[in-house]
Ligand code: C2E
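As structure tokens, one chain now follows by itself in the form predicted alone.
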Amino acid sequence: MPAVMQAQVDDIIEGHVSTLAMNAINLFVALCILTFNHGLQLPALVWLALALSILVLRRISVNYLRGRQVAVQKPQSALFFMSLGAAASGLCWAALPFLVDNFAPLGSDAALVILLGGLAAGSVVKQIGYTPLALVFSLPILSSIIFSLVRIGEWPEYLLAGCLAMLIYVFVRRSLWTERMFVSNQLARLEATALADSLTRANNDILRQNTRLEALANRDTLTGLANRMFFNGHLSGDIARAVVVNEQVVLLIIDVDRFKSINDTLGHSAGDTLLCDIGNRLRDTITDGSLIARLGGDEFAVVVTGERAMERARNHANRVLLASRDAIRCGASNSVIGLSIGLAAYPDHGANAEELLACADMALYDAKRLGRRQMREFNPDLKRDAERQRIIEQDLEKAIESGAVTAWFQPQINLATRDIAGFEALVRWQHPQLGFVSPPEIVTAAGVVHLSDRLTARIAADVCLLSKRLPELGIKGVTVALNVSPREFALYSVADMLERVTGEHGVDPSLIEIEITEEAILDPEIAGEQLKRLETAGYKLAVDDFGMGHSSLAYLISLKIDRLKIDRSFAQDVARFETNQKLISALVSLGESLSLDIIIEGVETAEDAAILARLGCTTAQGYLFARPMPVKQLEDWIAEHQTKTPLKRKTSHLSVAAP
């Protein structure tokens, strides 16, 4: 473990100077003993010089290891090099008995044996942290003494050599044990230090988090208003108090209209600036102590309590809407933002904070639905509508799978011959609990629960079945058109879906007409490529509700539209309104100039039909001719109509509106 080895290095270096000093002193003591016993000899002097040189090199190596940070960065290498130095000194001491002729370990040279044994024992006792260093120094010395004793060949020397061998065994075991204790102590110290550091960091983190939580507990960091957490607690407390004192609590939910587009076009910094400005305007406008909070994103709330709470809340809403008309600096330009407001009151609309908030949200949604930039108060109809829509969304998938959602068909009639010129399919659903569900409700729910593709495919399948059935009913050469919501082009590949459904039913695409509102025609990036594919595949293309949008004529021509369907609003009371007659005449002329068929919907009186025929309309549909009906009833109607209409027929177009 690097940390333990670092501690071993530090322990060796800490006692290194004293160890080398004691070695140097003992060298001179040994030389004195040798000189006293055997006289001054050259080998002894050479030995002394070599031993001192080793000590100097060991000192230099330690300084080098320190200076180069080897002792810190590579403790294992440092231990290796210091062990080499100890081994060199140990070998040098071990050579001492062999420098003396007739060395007598139990005689005149006993003092040297004692000195050598003391050095070996001292190294083991002193160096407890790293056993290899102590052993590489002491074992050569003890081995040299044992060899010197055995070489004499007498029983006292043998006995002493055996004792020294046992001493070596004790030294090794003792050294290993002390090293284990050292390592164990170091590990315990490191663990204690790590635990203390961890606790310190954890404590610091807790303190920082507490500080941060205290800052965030009540205030929104961007606007400085109350945040959602504080708002929730405050609203619940106000309602609890209102129960006791029998007063109203009025909640305003304020939302910024089309805030996402501001973020997307001007950037998030501009959006943040806008939110801060709105927060400041709310503070400046609402000065009676009512709670003002930012709930998140671009949504704000105001809680009004006390006397005349409803009256004051309405005044606040009106003043906020008035203040929102002043331009706000967004990025490099000034922008006028729109606000929508929903109002709900306790106890009239909700019994607790959660219900009150839900009611205010419904009122806010109603304000946006009705055109934005206004305040709407909650009423029970909104809750009923929301519950109705929830049930529709919940049951729609099962209804599609079971066939409860199906297509009814309304005939289209040639105004000149009264022949059948086509049919428009309308989505129908008779809910077991809600009763009749209108097409807009079905389409909206399908979009919310991501079932638009399956819904349109369901109606397309009914269209294909009718198209295959028509020749058996005596109607040939007509096309069946499917009305596709413009939003669907952005959700999935309409072209792929139609190719799959018509392929499964074996229907020629040229017998299917796709009705698209002008809204889709105007977005070539989303719908253009798919409409081109439909055209290439052979489907007929029609523009529904023509005259209500802003279609580009050049784009209509490039898509090779086959038919324009004039909106029903132009046909209502056309016999009495000259303006409508002029508009229809202009639209018919436009269609003729572009070689497009014209059909008008919503015809309800014979007088209107006669005027439309005179204005150039060739095909019409409406209650005058027939109401939408299921396929079985339609078959009976066709049979009856065929008996009343001359057999002379023309190839005509069958238009079917999808969801």
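For every residue, the number given is its place in the sequence shown, counted from 1. Computed from a predicted structure; not experimentally measured.
This protein has a second form, the form predicted in complex with the ligand, left out of what is shown; the following refers to that one.
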Partner contact check in the model of the complex: of 101-109, 139-147, 268-276, 438-446, the stretch with a heavy atom within 4.5 Å of the ligand is 438-446
The ligand in the model of the complex has a heavy atom of only one listed residue within 4.5 Å, and of Ile54, Ala30, Val603, Cys617 that residue is Val603
In this chain shown alone, the residue from Ala293, Ile413, Leu531, Val427 with a heavy atom within 4.5 Å of the ligand in the model of the complex is Val427
Contact label in the model of the complex: Arg568 to the ligand, heavy atom within 4.5 Å
yes
Examine Glu515 and determine whether its closest non-hydrogen atom to the ligand in the model of the complex is within 4.5 angstroms.
-> yes
With heavy atoms only and a cut-off of 4.5 Å, decide whether Ser485 touches the ligand in the model of the complex. yes
Contact label in the model of the complex: Ile459 to the ligand, heavy atom within 4.5 Å = yes
Looking in the model of the complex, the residues of 620-640 with a heavy atom no more than 4.5 Å from the ligand, listed in order, are Gly622, Tyr623, Pro628
